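Only one chain is shown below, in structure tokens, and it's the form predicted on its own.
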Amino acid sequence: MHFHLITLFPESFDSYLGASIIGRAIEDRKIRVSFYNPRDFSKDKWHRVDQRPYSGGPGMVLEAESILKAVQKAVGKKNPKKTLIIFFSPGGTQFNTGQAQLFSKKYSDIVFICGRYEGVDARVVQILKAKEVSVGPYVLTGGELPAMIVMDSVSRQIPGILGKSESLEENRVSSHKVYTRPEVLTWKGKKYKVPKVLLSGNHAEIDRWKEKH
């Protein structure tokens, strides 16, 4: 899987991509990550890529041409049927694990358009027929954090990245409530115990508890 990031702030990815599972996946060449800064494709001598919005209002809008040229560079001559272009938008389809599984199996290249300021000229989505995706019912400063979320979720679906297929919570009975030693935790004079069922060794009962929680 090759991830392509269209972003004004590629440095914002440094700490995340260099750490833990994603960092190892890149090092092991299970995934690739490339960056394309729209400023590098600007005609402006100052490499400016934002313009005032038509109809007025506060803030600036990222111009279409620089974004389109950056995406064109990322896509190159890749198979269009194996390439997905994602535009992050509060009005997009809610991203979920099902989409992550689909993306990991269907595509070899995913291009993320990370907007900033008041957004990106709407003609970019129209021209590229980009898939509009939302990572939640809220507005963020830019598309970099959503791109990290989708990259993480898609990457963990790729065989070998998590080490064992059993590591995928969605492929087994699991709960968001997990415990480890000690069996009884004492904190500020109060005792907190691990649920008895998890200590029972009765796997059927444990699975029922996990499904309930």
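A residue's number is simply how far along the shown sequence it sits, counting from 1. Note that the structure is a prediction, hence the values are computed from the model and not measured.
Form predicted together with a small molecule: not shown, discussed below.
Remark: all three candidate residues (C114, V133 and G136) come within 4.5 Å of the small molecule in the predicted bound form, counting heavy atoms only. Here the chain stands alone, but in the predicted bound form its contact with the small molecule, taken as any heavy atom within 4.5 Å, falls in 87-95 among 87-95, 104-112, 123-131, 67-75. Although the partner is absent from this view, T141 contacts the small molecule in the predicted bound form, with a non-hydrogen atom inside 4.5 angstroms.
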